[in-house]
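Okay, so here's just one chain, in structure tokens, the form predicted on its own.
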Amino acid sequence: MKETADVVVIGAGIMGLSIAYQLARRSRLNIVVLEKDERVAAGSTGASSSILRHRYSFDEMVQLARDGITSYREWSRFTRLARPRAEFRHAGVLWMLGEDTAWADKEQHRLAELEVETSVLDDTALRQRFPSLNACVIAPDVVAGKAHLCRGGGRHLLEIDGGYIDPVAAVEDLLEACQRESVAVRFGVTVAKVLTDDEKVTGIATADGVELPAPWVINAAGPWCNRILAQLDVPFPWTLTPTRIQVLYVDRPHDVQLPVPVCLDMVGGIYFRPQNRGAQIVLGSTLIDDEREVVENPDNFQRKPDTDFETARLHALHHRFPTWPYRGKVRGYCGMYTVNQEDFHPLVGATALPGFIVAIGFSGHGFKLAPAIGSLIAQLLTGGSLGDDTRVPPGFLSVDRTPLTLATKSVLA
């Protein structure tokens, strides 16, 4: 480990490495990233569904998502890697709102003003674009599994430039890009304490008793962020809870015709997207009740999805794909969101402790936003800007903001 640093970043997930890379792109700062695990993507990043969608309730979040997704779409240019491991998959993001026929047109108009290209699909256009999808606007019975007579008539919003990317490959690319820019990334190092003197940051101390002096420390520790916050005597009026999230994946049967979009099926309470060039489908929940299981110890939680979760989500998937046969192996895993209970939006920027910066509480939004969040923090610390920097005001997600007002608090807010 280097004896001193200008900036210490805690956490080598997609957020920590994005911050480090954005700093290194525009400065000669001595940057050290410390990761408690022995590898990248061992936390929330590795379990991310990595859906790259633009639509959010607040215009500033749309802009951040747009800026982050632009980096993923131009990944080789952004990372300056000739052959990156990750590749943006342009599948489109389809929003299915059921019987609400006004929402899609309203959102299309709003998103157009924010430079996000969309299309509104009626049932005929939906079948032409995605032949395997059922346009039904009636919610499936995921409790008893009782069948109903499907009915169409909805209007569905398609984000043209949305898609997904492999999360592990993306963070491996960022690791390579950071190391090329002389960022020191240390694995198997647990930060035990943020050091302070005269009410400002002076560095960190590791669990092994090693001290690393630095005037800036950035907490990007994901679900472990509270361990860093807990030992600092600074006001932090936000409740951040590591939350268990369940994800399934299944092989796509030949009965289900491609293409399959990324889909946010609000009728069935699920999201899904293709994987492995359409050979598999990743499946999860959009329901608020599936975002409530607090993880007391992020190092030890249930990694296997629950049977009732699997049954209900698969039933909703079969509703959306009527030709999907009731056979095939179902696999799954669990990851974590760090949910900001006050407003489900991240906390980014300076704190009351000079030199201590946070990028935490992403509530499921973090992966798509990571390049843009890195840009915000890099602009804050260096004062320098690049042509692809986000222009979202830094105060929007600041720690001292008033909680944002939302109609519904969820990952889709």
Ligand SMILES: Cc1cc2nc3c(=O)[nH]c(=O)nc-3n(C[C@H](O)[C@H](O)[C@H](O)COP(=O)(O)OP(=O)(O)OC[C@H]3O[C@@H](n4cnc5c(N)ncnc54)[C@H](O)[C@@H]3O)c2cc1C
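Just so it is clear, the structure is predicted and the values come from calculations on it, not from any experiment. In this text, residue numbers run from 1 along the sequence as written.
Omitted here: the form predicted in complex with this ligand. The next part is about that form.
A residue is said to contact a partner when one of its heavy atoms sits within 4.5 Å of a partner heavy atom; Ser363 meets this definition for this ligand in the model of the complex. In the model of the complex, this ligand sits within 4.5 Å of a heavy atom belonging to Ala221. Using a 4.5 angstroms threshold between heavy atoms, Leu34 counts as touching this ligand in the model of the complex. Among heavy atoms of Ser49, some come within 4.5 Å of this ligand in the model of the complex. Shown alone, this chain has one stretch from 37-45, 22-30, 348-356, 378-386 that lies within 4.5 Å of this ligand in the model of the complex by heavy atoms: 37-45. Between this ligand and the residues Ala135, Val191, Val267, Leu212, the one pair within 4.5 Å by heavy atoms in the model of the complex involves Val191. Shown without its partner, this chain lists Val116, Val339, Val247, Ala91 as candidates; in the model of the complex, only Val247 has a non-hydrogen atom within 4.5 angstroms of this ligand.
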